[in-house]
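Presented as structure tokens, the chain that follows is alone, the form predicted on its own.
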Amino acid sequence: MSLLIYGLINSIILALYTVGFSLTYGISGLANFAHGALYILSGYTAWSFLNILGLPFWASAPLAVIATALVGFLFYWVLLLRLRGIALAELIVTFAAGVAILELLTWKGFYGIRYSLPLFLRGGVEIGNVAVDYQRLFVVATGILLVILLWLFVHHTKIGLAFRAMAQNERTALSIGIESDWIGSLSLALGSALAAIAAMVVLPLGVMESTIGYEVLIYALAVAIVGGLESTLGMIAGSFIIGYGQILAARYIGAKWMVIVPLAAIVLVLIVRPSGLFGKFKELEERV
């Protein structure tokens, strides 16, 4: 029962890490390697609103999400506009920006036990003789609700339908007047906001450190690659595969092996099925 419950919680956390990264790539084809840096930056932004400006957490968290979305939006227009279509240059620029953010946070001294976000809910409950705190249940509920809201957004709003059109066929979308640069910047802003939402609900479970940004990026990449970079269903499946794999590794091999699971999954999937479990790209043998 403990494996089942904590495997589910770990899988939902990985899905929250990945959903923004996967959505941005699925819409605009942009692999945002600053995703992990934006995740931890939003946490420090919320902490600053809370402890420096004296705002309550219920106000600090939404403001941090908005600020992170704005950073993602500016990333596109300032750093990526002239590089669109050059995949390697986009990757290098976003990775460099992410490293710069994380190193700046470290240089400014944002590490230590004092940097933490408050819990949304305190206390806990027993489920099948397994103790689970309310904050982790809140994480699970947030992950499920976020997936539902995103589905409604992309299927029943004008911007969401424009996102789907751009993801399905960019040339056709351009021919009917959908502006690719605006869609690209909005997708990066939304992906950044999703990273911030994940940070607001997951970071209260521990202490904030800038190195967490690198871990989040690795987990997001692993889940996206295992499931298929452009597939939402694949993202969900990949998060459960790696999430339960980590819990099983921690239980039967050792906790230090948890970080090995996503790296091993990346290598194995790229060897066996380069497009991922639900990827739509042609297999390697079909391209040769």
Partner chain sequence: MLEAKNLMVFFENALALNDLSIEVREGEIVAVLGSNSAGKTTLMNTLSGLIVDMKRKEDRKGGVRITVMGSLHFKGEEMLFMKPSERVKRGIVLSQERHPVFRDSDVMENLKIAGFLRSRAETKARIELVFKLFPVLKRLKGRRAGLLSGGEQQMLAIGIALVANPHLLLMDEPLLGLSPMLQADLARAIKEIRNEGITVLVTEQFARPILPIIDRGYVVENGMLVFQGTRQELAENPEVKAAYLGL
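Because the structure is a prediction, the values reported are computed rather than measured. Residue numbers count along the first chain shown, from 1.
Below, we refer to the form predicted together with the partner chain, which is not included among the displayed structures.
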TODO: Give a yes/no on whether Asp181 approaches the partner chain to within 4.5 Å in the predicted complex, heavy atoms considered.
DONE: yes
Open item on the list: I'd like to know whether Ala165 contacts the partner chain in the predicted complex, with contact meaning heavy atoms within 4.5 angstroms.
Closed with: yes
Open item on the list: Contact with the partner chain in the predicted complex for Arg114, defined as at least one heavy atom pair within 4.5 Å: yes or no?
Closed with: no
Open item on the list: Given that the partner chain is not shown alongside this chain, does Asn169 nevertheless sit within 4.5 Å of it in the predicted complex, heavy atom to heavy atom?
Closed with: yes
TODO: Have a look at 190-198, 95-103, 149-157, 117-125 and name the one stretch with heavy atoms inside 4.5 Å of the partner chain in the predicted complex.
DONE: 149-157
Open item on the list: Only one of Leu91, Leu74, Leu174, Ile218 gets a heavy atom within 4.5 Å of the partner chain in the predicted complex. Which one?
Closed with: Leu174
- [ ] Identify which of Val140, Val132, Leu79, Leu161 has a heavy atom within 4.5 Å of the partner chain in the predicted complex; exactly one of them does.
- [x] Leu161
Open item on the list: Need the contact residues for 94-131: heavy atom within 4.5 Å of the partner chain in the predicted complex, sequence order, or none if there are none.
Closed with: none
